[in-house]
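Next up: a single chain in structure tokens, the form predicted on its own.
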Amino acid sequence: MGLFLNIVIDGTAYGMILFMIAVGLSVTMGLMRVVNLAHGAFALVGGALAHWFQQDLGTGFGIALVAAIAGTVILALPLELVLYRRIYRMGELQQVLATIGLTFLFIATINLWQGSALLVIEFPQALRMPVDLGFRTLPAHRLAVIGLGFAIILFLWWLLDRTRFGVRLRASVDNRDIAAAHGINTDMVYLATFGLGAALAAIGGIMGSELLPIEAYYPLRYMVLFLIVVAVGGMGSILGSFLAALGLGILETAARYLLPDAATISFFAIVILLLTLRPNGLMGRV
């Protein structure tokens, strides 16, 4: 029983981190119809900025977190205006090549700026303190990540399903020309959505740095993992990304506990089986 509970706790925390980063990719790929393989770079930027604010400027964690998220969004918005609006009109292969090139540009920039070593983010004492769950003692940070993940899924549900912005976004995605003819500023809707995705990636990169360490090659190291979450969940489905991230997080954690020598093989074999049975993902349209 103790082993099962350990797998659930660790897997849920890991899955929430995957969700926070991958959900923005699900939005851009599934709703905005762009293959954005540079999405993980925004998690890298968020983590690198948080490290810089803490280590070089001497700020506390709270200020570093807010400033890093804001800095990531400030960087993402001009990129959407200048670059991504041209990428939207490209074919899928051109989108892949353009965003992969952008990923390498981010990697080279962070490598030049901060070097290739791990970029440590120090969590406050409140998140480092041990919490006794009865069957296990673990840092409060793990529980905070789980709570944050549930808060984000509720926020996104409210934003996309219960607000005027969500209605405008769905209208812009379904038929951009007709939405514009009805007075919806589709450019601003896309800009805000892209900024939201970048902010979520930055939050995931910072809060998940304990399990997915921040370093210059972060976007390439975890790109496939984020794409798997989107593919298994179903592109454009927020709930699908949440269920996929949670399930895959628990699955990979269980494999590392039970089959440490074959964990990676087992994980990818199950992912292949899932996509064979559900090629459009758990919540994707058939």
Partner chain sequence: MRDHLVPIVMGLVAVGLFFAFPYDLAFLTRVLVTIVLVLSVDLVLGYAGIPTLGQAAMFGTGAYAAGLFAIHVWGDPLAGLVVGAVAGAAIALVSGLVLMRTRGLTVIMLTIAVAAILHEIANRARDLTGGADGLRGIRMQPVLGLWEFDFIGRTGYWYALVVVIVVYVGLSILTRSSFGLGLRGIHDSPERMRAIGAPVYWRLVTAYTIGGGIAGIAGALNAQITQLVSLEGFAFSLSAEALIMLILGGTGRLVGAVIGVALFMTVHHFAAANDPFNWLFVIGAMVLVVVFFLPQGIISLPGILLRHLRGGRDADRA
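Everything quoted here is computed from the prediction, not taken from an experiment. Numbering follows the first chain given and starts at 1.
The discussion below concerns the form predicted in complex with its partner chain, not included here.
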Stretch in contact, per heavy atom within 4.5 angstroms of its partner chain in the predicted complex, of 151-159, 80-88, 134-142, 185-193: 80-88
Using the partner position in the predicted complex, report whether D56 sits within 4.5 Å of its partner chain, counting heavy atoms only. no
Heavy atom of L93 within 4.5 Å of its partner chain in the predicted complex: yes
Considering only heavy atoms, tell me if I146 and its partner chain come within 4.5 Å of each other in the predicted complex. no
Can L102 be called a contact residue for its partner chain in the predicted complex at 4.5 Å between heavy atoms? yes
State yes only if every one of V224, I265 and T276 has a non-hydrogen atom within 4.5 Å of its partner chain in the predicted complex; otherwise state no. yes
Which listed residue (L118, A180, V167, L97) meets the criterion of a heavy atom within 4.5 Å of its partner chain in the predicted complex? L97
If the cut-off is 4.5 angstroms on heavy atoms, which of these, V73, L212, V173, I107, is the one near its partner chain in the predicted complex? I107
